[in-house]
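One chain follows as structure tokens, the form predicted on its own.
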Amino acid sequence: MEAYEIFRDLAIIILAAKVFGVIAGKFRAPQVVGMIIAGIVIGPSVLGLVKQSDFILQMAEIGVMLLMFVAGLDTDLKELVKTGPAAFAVACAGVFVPMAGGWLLYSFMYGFSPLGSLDFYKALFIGVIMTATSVSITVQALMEMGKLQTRVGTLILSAAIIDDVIGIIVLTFVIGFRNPDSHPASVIVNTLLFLAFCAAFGFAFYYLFKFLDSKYEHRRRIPILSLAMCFGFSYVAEHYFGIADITGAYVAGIVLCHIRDSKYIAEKMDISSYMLFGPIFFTSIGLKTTLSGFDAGLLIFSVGFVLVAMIAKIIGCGLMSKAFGYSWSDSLKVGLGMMTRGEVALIVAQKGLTLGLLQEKYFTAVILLIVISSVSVPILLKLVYRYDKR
């Protein structure tokens, strides 16, 4: 590819992502859904205007790092401590029930594999994709109904934050075990060593940035240094500990989430992510999605994937809420509120593709899950709340 052709591809990607993102917003769907559809339309499956390339893949990888870094910056550790055992238990159920459901779905359709085999981890990874929760749509629906600050709303929001933290930890272990030559003890040791590294260097960087923040508040050098820290943690995680690089980016965000300029850093990161790297990442998902291989078997799997992913959240989170004294109606609301999926599910799927744990054709199922859950959850929540008023 000639260098100037990159600019043509970028122009098409950015324009298509914006147009389809706006259209998705008109239908009250997340803009990321529109961006993914844009990738399908301009990609080899439909118009063939843009082909996947190493350049786009590398730009998309930067987009993933920025998204996970901002997710870490938006994490409220103090709020996590306050929420208590109920939110933690609901989050755990929201991770491990869907993960088991995903493993069972894949195993029933394609055969059960011996523990520790590569196929076993491929089946388990399908479950890992299901663990992610994206509550932005749920929060919007609860805010419209004036229910966000209620006991149920607070539980959903807190559990969703913890859910993503646990999901990233689970992803770290599954990726660590993916190598047939890996040993459980070495994976656990590497993970613990990485956490020790994060604790030691995290505190050092926290106080360093706190000092810089006091001297140079709202100065651009703070976001620039934080971005270097994000990439540094990502590199160290993958290169020295065999941990997913996205885990390093997420931890870097958590380290800085309580400095005074954390929101300022997130705003600066959002500019790059919103303008360039985010659209490239989400559009690249569409570029990878091949509709030509979509047959009856994949359709059945996709339908099963969506149903298992949604129902597992309701069962796991709902029953755990009930165990903590919530009514059946409130427990159903919690389960429904935890059902939406978004960016994190895509990031996890992208990581699985890179590592050979996921085939491109399964992105179709992930996209369907995001679209259906995003559209259905606000409708279902409003119906449940309306029923309560009767």
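Position 1 is the first residue in the sequence shown; the rest follow in order. A quick note: this is a predicted structure, and the numbers were derived from the prediction, not measured.
Absent from the display: the form predicted together with another copy of the chain. The rest refers to it.
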Task: Residue stretch of 329-337, 39-47, 356-364, 55-63 approaching another copy of the chain in the model of the complex, non-hydrogen atom distance within 4.5 Å - done: 55-63
Open item on the list: Counting only non-hydrogen atoms and a 4.5 Å threshold, tell me whether R8, Y235 and D270 all contact another copy of the chain in the model of the complex.
Closed with: yes
Task: Close approach of A228 to another copy of the chain in the model of the complex, 4.5 Å, heavy atom - done: yes
Open item on the list: Quick check on D245: any heavy atom within 4.5 Å of another copy of the chain in the model of the complex?
Closed with: yes
Open item on the list: Can you tell me whether L383 touches another copy of the chain? I mean in the model of the complex, with a 4.5 angstroms heavy atom cut-off.
Closed with: no
TODO: Please run the contact check for L115 against another copy of the chain in the model of the complex: heavy atoms, 4.5 angstroms, yes or no?
DONE: no
- [ ] Could you spot which one of I188, L276, L195, L104 gets a heavy atom to within 4.5 Å of another copy of the chain in the model of the complex?
- [x] L276
Open item on the list: For the stretch 8-24, I need every residue with any heavy atom inside 4.5 Å of another copy of the chain in the model of the complex, listed N to C.
Closed with: R8, L10, A11, I14, L15, K18, V22
